[in-house]
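Just one chain is shown here, as structure tokens, and it is the form predicted alone.
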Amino acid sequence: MHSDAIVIGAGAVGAACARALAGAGLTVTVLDASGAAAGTSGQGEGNLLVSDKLRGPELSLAMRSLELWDGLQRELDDELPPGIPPLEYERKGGLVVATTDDGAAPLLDFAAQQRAAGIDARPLTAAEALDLEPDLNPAVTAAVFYPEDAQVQPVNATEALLASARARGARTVFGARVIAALPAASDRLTGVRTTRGDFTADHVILAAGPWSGEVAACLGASLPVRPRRGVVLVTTRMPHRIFHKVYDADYVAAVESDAASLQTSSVIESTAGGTVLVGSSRQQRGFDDALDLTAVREIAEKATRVFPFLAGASVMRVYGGFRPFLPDHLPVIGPDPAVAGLWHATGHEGAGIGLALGTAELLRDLVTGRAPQLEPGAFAPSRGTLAAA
């Protein structure tokens, strides 16, 4: 049961880390309390966005991750046998709109900051926005197009990354909930005790999403990850087609908010099957997964301001999940400051899919002693912005 590395969590981030570590020649075991994409990765929309990131380290990580996503399907085609579902990777582009006079200037200012960081952010007139999305509300007060924004099918992507990790020699053990660290003669973590037995390793990578704080405590570490609840609506098949990922300018403010109270905004896109996905909400209320009808109403109301035709839509499904929230809005990637042998790759909130490949690359480089592509200090678990939490 010994491996060079244990990865706790079989979501997109954990799967990407397992693949990267196995590709570097390490023996890897992936442990998950449930199964592949059973948590956050299976309850999201598959967003690969640069349009919602503030200028800084997270945007740099997103840009690097998009570079890696661009070539991933070709790599998987070479590694995996036929029959593995495609990633459904699409550079569909993102259209961000303001629906009020007060929202126009902040949206355009934000786009200017991103252009200064190297992002392709194109301000549009209302007529140009309507050329991209004919069913858009013509009363939008500002619009910015981000051609680099992309999309994957999150469950397919997670399972493909795990399949690639297995092709590189990794193994997966599902139904293995971590309950404690293994006793050791030194202060270094040497393995974990699970509901399916004991597993030893030289390195333990914690990528358990919103459950990472609980697992860290089991292993003698402290990590201020909290679950942040989100809800998405799915319509029945619609005759109208939305061609891009469209969201209102309130979305960025909701992502960056520290408030525990309900935050809602519009994120709207069509699926290949003709349905429309409508999000999103953010709320901190622990792991309470009860349906919040207030959130559903607010999401629906705001969506109709962006696409008025949605007022006649029928919602056939509402689903929600938990995102791993950290108080300084940056993921943790790197060694635990107190428990030797423990590494973190978590806290991405709703951006885990989009940041997974860059996170895995950085984690691999730190574990193996390679020079990292990105400056790791901003993501270090020991950073000062987490100390108060």
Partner chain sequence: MTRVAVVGAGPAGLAAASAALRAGAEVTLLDAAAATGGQYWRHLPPSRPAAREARLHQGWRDFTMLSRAVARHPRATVIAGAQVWAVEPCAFGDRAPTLQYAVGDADGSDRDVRTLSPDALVLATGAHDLTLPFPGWDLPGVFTGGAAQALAKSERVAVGERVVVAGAGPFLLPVAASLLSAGAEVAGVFEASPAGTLAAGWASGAASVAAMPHKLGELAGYVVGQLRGRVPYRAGAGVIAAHGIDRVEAVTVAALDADWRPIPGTERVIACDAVAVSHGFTPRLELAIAAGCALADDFDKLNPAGLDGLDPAHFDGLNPAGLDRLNPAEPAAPRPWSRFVAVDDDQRTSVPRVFAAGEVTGIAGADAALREGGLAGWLAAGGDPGDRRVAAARRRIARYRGFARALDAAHGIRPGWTDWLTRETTVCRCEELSYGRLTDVLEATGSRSIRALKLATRAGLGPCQGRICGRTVESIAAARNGAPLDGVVIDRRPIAAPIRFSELARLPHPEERHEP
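Numbering follows the first chain given and starts at 1. Only a predicted model underlies this, so the values are computations on that prediction, with no experimental measurement involved.
We do not show the form predicted in complex with the partner chain, though everything after this point is about it.
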Fill in: Candidate stretches 181 to 189, 287 to 295, 220 to 228, 121 to 129 - the one whose heavy atoms come within 4.5 Å of the partner chain in the model of the complex
287 to 295
Worksheet item: Is the partner chain in the model of the complex near all of 55, 200 and 342, within 4.5 Å of a heavy atom of each?
Response: no
Discussion item. I'd like to check something about residue 312: if you look in the model of the complex, is any of its heavy atoms closer than or equal to 4.5 Å to a heavy atom of the partner chain?
Written reply: yes
Worksheet item: Taking the shortest heavy atom distance, is residue 60 within 4.5 Å of the partner chain in the model of the complex?
Response: no
Discussion item. If we define contact as a non-hydrogen atom of the residue within 4.5 angstroms of the partner, is residue 85 a contact of the partner chain in the model of the complex?
Written reply: yes
Worksheet entry | Interface membership of residue 98, the partner chain in the model of the complex, 4.5 Å heavy atom rule | no
Item to complete: Name the single residue among 135, 250, 269, 159 that comes within 4.5 Å of the partner chain in the model of the complex, judging by heavy atoms.
Response: 159
Worksheet item: Exactly one of 153, 283, 114, 265 has a non-hydrogen atom within 4.5 Å of the partner chain in the model of the complex; which residue is it?
Response: 153
Worksheet item: Even though the chain is shown alone, can you say which residues of 15 to 39 have a heavy atom within 4.5 Å of the partner chain in the model of the complex?
Response: 32, 33, 34, 35, 36, 37, 38, 39
